[in-house]
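In structure tokens, one chain follows: the form predicted alone.
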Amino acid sequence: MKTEILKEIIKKKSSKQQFAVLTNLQNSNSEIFELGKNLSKEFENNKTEIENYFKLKKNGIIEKTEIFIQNYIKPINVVVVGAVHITQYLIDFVQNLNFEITIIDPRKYFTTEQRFKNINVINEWPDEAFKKIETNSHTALVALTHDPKIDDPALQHALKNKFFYIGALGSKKTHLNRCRRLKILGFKDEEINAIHGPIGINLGGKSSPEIALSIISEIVLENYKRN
């Protein structure tokens, strides 16, 4: 592999971009692939197959070709609003999946170093906290405080910025009231309906670890739905 390609791979990985490296196994020639960009003549005849493997995040030799594809996936960023008990269990799942996690909670007494060691914690109200982090279509929001003063601004930000997953903890009645507040603020029904509430896949669990499992399962499911 040429030095300039290796340098470009390092650069893209450090900036957390999503791309793939294609290698012709017959002659060892390689190049970087990104959706929407042209391929060289060496690979352009297999563009459809390459795109399919890329979208499916599959690594390996593309069927009926001599092309090896190695995908570098942009990590999912999970923003958790509320440093509650569920959050501690959610962190374990998120880290094991190599997702990134940020916790937002203005209540400093909930976010002690002992509870959330080596975790990016922002002790600000959501409106201010979101100015300090980058969010995009790879971001998931998990709102857990039950406090409209904290959860609602975060939900508004997530809806406006089209997070791929938005979930909020609470009963059906709590969620109905939440939806009414968002509608008064001008959000459309189709936007509000994007919120998963009550949050998580219905696994039947009631404990904090079980709720955390149901939330992360739903995030993983929604992530693969969009590919």
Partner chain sequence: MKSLFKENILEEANTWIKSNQKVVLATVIQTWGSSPLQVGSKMIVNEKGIFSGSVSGGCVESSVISESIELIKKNSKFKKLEFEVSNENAWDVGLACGGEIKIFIEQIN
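Residue numbers count along the first chain shown, from 1. Note that the structure is predicted; figures quoted are calculated from it, not measured.
Omitted from view is the form predicted together with the partner chain, to which the following refers.
> Please pick, from K74, H85, H146, R107, the one residue with any non-hydrogen atom lying within 4.5 angstroms of the partner chain in the predicted complex.
None of the other options qualify; the answer is K74.
> Among N27, N38, N202, N45, which has at least one heavy atom within 4.5 Å of the partner chain in the predicted complex?
Checking each option against the partner chain in the predicted complex, the one that comes within 4.5 Å is N27.
> Of these, 193 to 201, 155 to 163, 171 to 179, 53 to 61, which stretch puts a heavy atom within 4.5 angstroms of the partner chain in the predicted complex?
It is the stretch 53 to 61.
> With the cut-off set at 4.5 Å between non-hydrogen atoms, does S214 touch the partner chain in the predicted complex?
No - in the predicted complex, heavy atoms of S214 and the partner chain never come within 4.5 Å of each other.
> Evaluate Q17 for contact with the partner chain in the predicted complex, applying a 4.5 angstroms cut-off between non-hydrogen atoms, and reply yes or no.
Yes, Q17 sits close enough to the partner chain in the predicted complex that at least one of its heavy atoms falls within 4.5 Å.
> Though only this chain appears here, would N98 touch the partner chain in the predicted complex if you measure heavy atom gaps against 4.5 Å?
N98: yes, in contact with the partner chain in the predicted complex.
> Any of the heavy atoms of E66 lying within 4.5 Å of the partner chain in the predicted complex?
Close contact exists here: in the predicted complex, E66 approaches the partner chain to within 4.5 Å, heavy atoms only.
> Closer or farther: the C-alpha atoms of I9 and N96 in the predicted complex, versus the form shown, with a change of 3 angstroms or more?
Compared with the form shown here, the C-alpha atoms of I9 and N96 sit closer together in the predicted complex, by 3 Å or more.
> Taking the shown form as reference, are the C-alpha positions of L56 and I91 brought closer or pushed farther apart in the predicted complex, with a change of 3 Å or more?
Farther apart, by at least 3 Å.
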